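Okay, so here's just one chain, in structure tokens, the form predicted on its own.
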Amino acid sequence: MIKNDYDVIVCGSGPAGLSAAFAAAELGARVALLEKQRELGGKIPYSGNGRCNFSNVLDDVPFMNSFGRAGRFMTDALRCGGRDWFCEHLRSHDVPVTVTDGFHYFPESGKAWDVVDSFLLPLQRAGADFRTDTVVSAVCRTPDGAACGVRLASGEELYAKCVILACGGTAMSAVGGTAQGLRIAQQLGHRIIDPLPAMAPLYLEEEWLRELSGVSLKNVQLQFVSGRNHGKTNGEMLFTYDGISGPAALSLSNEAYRIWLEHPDRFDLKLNFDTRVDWQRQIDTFRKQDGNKFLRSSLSSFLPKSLAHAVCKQLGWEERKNQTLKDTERDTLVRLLTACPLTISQLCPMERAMAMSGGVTWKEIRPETMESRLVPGVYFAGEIMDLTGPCGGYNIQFAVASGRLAGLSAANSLRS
């Protein structure tokens, strides 16, 4: 059996793995970067439609709050690998960055591969060892329980004093998402929060909405209530043949699917089609100023024509004119436009999800180093951990920040 000696082995070459390997190599560690796919880069090349929305303008506190109650876990990670560091890293490796809409950061070139190369090229110069088509099956341990390397599916063992698990999660299986990293963590004794789809389309029961497939809205509000649990998102949304997608739906799915699965009988999901419109006032204006006009035509001034017609059809008012609406009917229409009831029909398949919620519980990871509390020498970074943010650069930014902290911590542990 061939023995290869390294200081740090990084499992996974997505944003967390690349950042971890780069950070360890910066401090002079001998690094091996292992990837189960044929190409390095993980999901980065596919993020943001190939443009890679890698961060956003939020300061650390609101950024962390977007991850929910566990968000403060990433305080130390953001201090060493947050947005300012990430942007400077990219610029220093000839990747200018831009904020196109006042919120989302992208590489100015619009090429996600530029983000990958900003890590890979300096790693090559540092002499890091890259291995693709390489599946890790277990972490090797010393008699006292500390990490000492990894065992590959081929039976080969690679030795290192530190192992960083940046294997990602189960989402997007077509580009490498698997449960392998979670299985390895579980073998080490870590508790795994059940993986569920996140940043995923919401599958709905409402048949009347299916004819709207392809219709997009810019200013919706989605919100759910289930007992004491609640969630709300605003933004763009897209109707699909089996439900809704787009940033608002993708962001809400992180919490919505998990809570719906626990209590589907008391899960209440509502949609406001356009938060900018005072619908009661507007419909009263229709009745007074355009009384002889069809309601569906008046609604088309504010909503896509197909949606305006679908709303009227759902109420049985295809041929109603504005002046015929009674106050009680106006109120019924307002409720439908501002709090349209939606019913989740099933979980989105993991292969259609852009990310995974769940994973290794953060409670068993040291936030100041990303090292396992259970197994010395094992570190975690990125999506493998039970920390998932909404759509908008949150998850890549956290992956890079946690990867950098893990890589620096692993390399520093060798010095001490």
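The structure displayed is predicted, hence computed values, not measured ones. Note that residue numbering begins at 1 and tracks the sequence as displayed.
Although not depicted, the form predicted together with a small molecule is the subject of the following passage.
Asker: Name the single residue among Ser216, Ser306, Ser297, Thr178 that comes within 4.5 Å of the small molecule in the predicted complex, judging by heavy atoms.
Answerer: Exactly one residue meets the criterion: Thr178.
Asker: If the cut-off is 4.5 angstroms on heavy atoms, which of these, Val150, Leu204, Leu325, Met172, is the one near the small molecule in the predicted complex?
Answerer: Among Val150, Leu204, Leu325, Met172, a heavy atom within 4.5 Å of the small molecule in the predicted complex occurs only for Met172.
Asker: In the predicted complex, does each of Gly42, Val135 and Asn395 have a heavy atom within 4.5 Å of the small molecule?
Answerer: Answer is yes for this spot.
Asker: Where, among 265-273, 119-127, 163-171, 72-80, do residues come within 4.5 Å of the small molecule in the predicted complex by heavy atom distance?
Answerer: Within 4.5 Å of the partner lies stretch 163-171.
Asker: Consider Ala406 of the chain shown here, and say whether it contacts the small molecule in the predicted complex, taking contact as heavy atoms within 4.5 Å.
Answerer: Residue-level check for Ala406: no, no contact with the small molecule.
Asker: Would you check, heavy atoms only and a 4.5 Å threshold, whether Leu27 touches the small molecule in the predicted complex?
Answerer: So Leu27 does not count as contacting the small molecule.
Asker: Taking 4.5 angstroms as the cut-off for heavy atoms, does Thr369 touch the small molecule in the predicted complex?
Answerer: Thr369: no, not in contact with the small molecule in the predicted complex.
Asker: Using the partner position in the predicted complex, report whether Asp386 sits within 4.5 Å of the small molecule, counting heavy atoms only.
Answerer: So Asp386 does not count as contacting the small molecule.
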